[in-house]
Ligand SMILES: Nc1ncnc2c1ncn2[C@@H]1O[C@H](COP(=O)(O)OP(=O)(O)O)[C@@H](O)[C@H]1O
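Before any questions on how it binds or moves, here is one chain, the form predicted alone, in structure tokens.
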Amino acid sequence: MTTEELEKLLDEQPVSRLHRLARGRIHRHFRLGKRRLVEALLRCTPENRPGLESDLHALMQEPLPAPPVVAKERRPAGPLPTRPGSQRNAHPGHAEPTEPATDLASFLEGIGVPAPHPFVPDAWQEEAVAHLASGDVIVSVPTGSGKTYVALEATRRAIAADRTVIYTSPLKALSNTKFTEFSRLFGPDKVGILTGDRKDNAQAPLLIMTTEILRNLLYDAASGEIDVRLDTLGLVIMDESQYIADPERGVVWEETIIFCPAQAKLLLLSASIGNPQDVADWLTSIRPSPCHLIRHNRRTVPLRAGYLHPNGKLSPLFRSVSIPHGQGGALHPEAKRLFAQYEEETIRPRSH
């Protein structure tokens, strides 16, 4: 089968069948529309083309699920009488809300840079900084709550006490961003960076690096080689510490914690640790000082959900401005309409 023939055959398939064909072949295929999905499948190497064609023919033998048949009711001429509180086409337990859905202006209201006002730390932020004086701390709070303030204030106090601070992140890009940010806050002479391809001001009191780099430095220190001032290390900040649960990289976080010098305090920051109390108990069991957990689920920055159609149309996803808690949140009527339009354009097979 030529590439043109295969492309024509793929174009004739519903997008649901293409997604089944893409499983195990295309990473995150569920994010692709039909055209990009066809193009990605066509990029399969010649060695994999026979298997692709075979799987496609096998899927084509399976019948597609029949679309639901909706019977049209005959309506008498003129307006239908309605009873107070009644809803047509409502199913028990799935009745549409009677209040009007929010509009786009209300959904977007308040988005932007807020007016400046004096900063006052929250009680949990002050508590976290205070506990670092006597032990390790895990901060597990939602995104946007102010974890960075805890890191900055703890860093200021450690530098003032002439102690070295190491800030780790899982990504080089994030390390570079923090290097720029901290250089502006503390001064370029006090901030250095160590990543796999960058080494700058390695004797600075505040060092930014990936977690793998710190793990390797601790390995070297254990064998007698010291590249940084580990003897004066007073604070290790591990950002995005939920990586400790990563199947492949989690061991790096575990080994870094285990080999961290006893005199240094650990500050773990994350918005998505699933079991922070278990991690705190583990740190308490292996470290010389107790680990204190700071945790809350209150979002400081409101979270909203919208739906952006490929044609550029934006709509609130739910009838309410905020995201409903739990299950059963009613979708916005405009979002439903856009969903139906997308299915009409992509899921149903095109006629030739």
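Residue numbers run from 1 along the displayed sequence. What we label the rigid core is the largest C-alpha set whose atoms superpose within 1.5 Å from one form to the other. Note that the structure is a prediction, hence the values are computed from the model and not measured.
There is another form of the same protein, the form predicted in complex with the ligand; it is not shown, and what comes next is about it.
The candidate site formed by 119, 142 and 149 is fully in contact with the ligand in the model of the complex, as each residue has a non-hydrogen atom within 4.5 angstroms of it.
Only one of 102, 125, 242, 195 lies close to the ligand in the model of the complex, with a heavy atom inside 4.5 Å, and it is 125.
Once both forms are overlaid on the rigid core, the distance between the two CA positions of residue 114 between the shown form and the other one is 2 angstroms or more.
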